[in-house]
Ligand code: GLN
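First, one chain by itself: the form predicted on its own, in structure tokens.
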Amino acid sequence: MSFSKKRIPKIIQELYNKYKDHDEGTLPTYIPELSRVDPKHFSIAVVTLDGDVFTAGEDAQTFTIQSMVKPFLYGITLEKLGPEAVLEKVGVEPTGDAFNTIKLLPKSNRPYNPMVNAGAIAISNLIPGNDYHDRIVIVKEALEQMAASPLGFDISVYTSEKTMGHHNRAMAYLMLKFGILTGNPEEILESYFQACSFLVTVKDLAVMAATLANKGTNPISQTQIIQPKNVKDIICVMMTCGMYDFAGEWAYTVGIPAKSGVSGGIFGVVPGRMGIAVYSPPLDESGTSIRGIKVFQEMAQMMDLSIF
């Protein structure tokens, strides 16, 4: 079915108007700073491969990238090390469990995939650099290239995550025991906590998604950032693992590679067509934006998005 991009502004504005007063969901409390945001924040963005940008709602509102950074951490390591080296430390299997489950693959003791916390921590250990300062510079530069925009940093959220991150510490020390992590776990966690604390807008996320949809070439800057073969690996793992224990229903009702974050964002990749992002902080029990799910589900029907 053909779809005209001229319809995009009308569709996203209609969906914004439909859900702007929706108040279902709760804010996360395990990262105290995230529980203090305004639950009324809501925005939608679409970026086409031609570089056209369409938004609705509070498109200038910033929020921390959180777990939505994981596909890009994965991309950095694929670019720097190649897939074989990454697979030695992190698998590509869905877990069917929550994002923070302390669970490793049998026999190899690798994290199941790069989208769960354990996998992202292991990926953070693979990013080249003498210490976490070097690694976070590489991450920041890559994210800004993907977004075609400078990104801020939320020191309060970072401090909150670092102070309360004992669950992630448990995972890190377990992986250290099995030789998946090398070096100081606290430094590795610094890289991970900082990577999750960069500030983005819904437009930034949509541009990043559109870059993946465009085989690694940013549609705004026209710069090739990730090799197409690595983009294939990234969006494949996003499709099977990016929405955690909601991945099956997401594939069934939306049908595009996507990644969620506990700050309330979701971005989706429609290969060869567009990148989409939604921001709304109230979450469901699995830690996913409720308005975000509803918007993506309706957009999938209205815009014929499903890759299936």
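Since the model is a prediction, treat every value here as computed from it, not as a measurement. Each residue number is its position in the shown sequence, starting from 1.
Only in words, not in the display: the form predicted in complex with ligand GLN, which the text now covers.
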item	value
Every residue of T48, A148 and N218 near ligand GLN in the predicted bound form, heavy atom within 4.5 Å	no
Contact label in the predicted bound form: G261 to ligand GLN, heavy atom within 4.5 Å	yes
Contact label in the predicted bound form: T95 to ligand GLN, heavy atom within 4.5 Å	no
Contact of S43 with ligand GLN in the predicted bound form (heavy atom, 4.5 Å)	no
is_contact(C196, ligand GLN) in the predicted bound form, heavy atom dist at most 4.5 Å	yes
Position in contact with ligand GLN when the complex is considered in the predicted bound form, options T77, N230, N168, S160, heavy atoms within 4.5 Å	N168
Contact segment among 51-59, 248-256, 64-72, 273-281, judged by heavy atoms lying within 4.5 Å of ligand GLN in the predicted bound form	64-72
Heavy atom contacts to ligand GLN in the predicted bound form at 4.5 Å, residues of 118-135 in sequence order	none
